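This document starts with one chain, in the form predicted alone, laid out as structure tokens.
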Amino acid sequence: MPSQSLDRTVREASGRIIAALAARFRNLDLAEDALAEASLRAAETWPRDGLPRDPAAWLYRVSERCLLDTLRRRRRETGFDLDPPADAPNAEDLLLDDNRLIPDERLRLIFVCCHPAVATEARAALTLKLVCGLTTSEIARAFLLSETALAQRLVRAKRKIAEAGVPFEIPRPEYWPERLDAVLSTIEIAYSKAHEDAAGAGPHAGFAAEMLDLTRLLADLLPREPDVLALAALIRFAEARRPARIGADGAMVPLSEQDPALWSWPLIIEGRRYLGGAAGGVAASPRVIQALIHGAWCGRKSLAEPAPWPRVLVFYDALLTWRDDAVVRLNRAVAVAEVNGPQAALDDIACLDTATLAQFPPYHALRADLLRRLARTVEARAAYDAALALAPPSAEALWLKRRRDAL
């Protein structure tokens, strides 16, 4: 279906298209508007004329032409005209390889969005919107914010970039430290969107391969930066486990029940190499600790070996001293339940802000599991229903339904 192809193309290629246009024309708003206009034209012409051979290349060329049209109109109003824009892509153009046609400027745009002129709390959100193509509602859920508040942050951030005259370039290495945390946070959240669907069938599943590439590039650029190496390790550990995350019946398989024989050991070995560089002889940081947690699981060779819950809990206790937030508390509670029992875990999460977590499926899923184990069946069923009402991915939904129906 043309409409489905358009949705998929925009989702997969919008980051590269906006990054390439923004790098060339140095205007984020114009780049976004041009892609939106090109998408509208695609919605009109593709059902009538058929899909182009390379839909992403078509969108890039038409976006470029739309942006040039806009500049022509603006400059004509001031008495200066540009040359006519390029023609619409023809059949010969569309035979070009998409990766050569669309310059991949995403790393450059990530550094632009993470400029110190942009408010700290808006940097990762802006990058996820422009570079990764996440919707405002998806980003708001990731940051546990309302859509209105998130949208206001994005508008202010783009305005600040324009007002400050931020150069559209990767800065010299001495300016990286002031932007690096936001860059890594962006990559971390983008990968989590690919990883949240156990089946790898979600709209952002393609981020997994892209974040592997980006972290490899950053590790090559900053081979002695512990946080860069730790994130590269974490993503490889998590991605290595993907083959075991879904059972033959299509339901999610919890990490403690996954068969390590199905994991990708080349990725685990690569992750260990990065983790060794990150954790060797330096003070721990939140990202290093998170990578150690994933590394602890990837040290398991078979299901016959005990799950590393005690070590995982120790790492989460350390992480909590750095990053005491709801997500860390919830993940720690999973380990607490295994080490100290479900009641201790339930007590630990009782202090969390339930209003903030009301739209966060993992919160309800964890409560449901703890209540189930405590034989509080009515409350457990209600918690499972709350998680399912938030429309989790299909594999997770199937697992939740089975747990609920087995009560």
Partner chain sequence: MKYMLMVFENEQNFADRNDMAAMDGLMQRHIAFQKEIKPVHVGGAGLKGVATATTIRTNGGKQVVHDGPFAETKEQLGGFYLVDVPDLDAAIEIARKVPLMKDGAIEIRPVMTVDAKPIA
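Everything quoted here is computed from the prediction, not taken from an experiment. Positions refer to the first chain, counted from 1. C-alpha atoms forming the largest set that superposes within 1.5 Å between two forms make up the rigid core.
Absent from the display: the form predicted together with its partner chain. The rest refers to it.
Listed stretches are 174-182, 284-292, 265-273, 127-135; the contact stretch with its partner chain in the model of the complex is 174-182, by a heavy atom cutoff of 4.5 Å. Of the candidates P310, P223, P167, P254, P167 is the one whose heavy atoms come within 4.5 Å of its partner chain in the model of the complex; the others do not. Shown without its partner, this chain lists A382, L346, L30, L51 as candidates; in the model of the complex, only L30 has a non-hydrogen atom within 4.5 angstroms of its partner chain. In the model of the complex, its partner chain sits beyond 4.5 Å of every heavy atom of R241. Interface membership of D259, defined by any non-hydrogen atom within 4.5 Å of its partner chain in the model of the complex, is ruled out. Its partner chain in the model of the complex is not approached by R73, whose heavy atoms all lie more than 4.5 angstroms from it. Its partner chain in the model of the complex comes within 4.5 Å of a heavy atom belonging to E163. After superposition on the rigid core, displacement of the C-alpha of G299 between the shown form and the other one stays below 2 Å. With the core superposed, R376 shows a C-alpha displacement below 2 Å between the shown form and the other one.
In contrast to the form presented, in the model of the complex the C-alpha positions of E174 and E270 spread farther apart by 3 Å or more.
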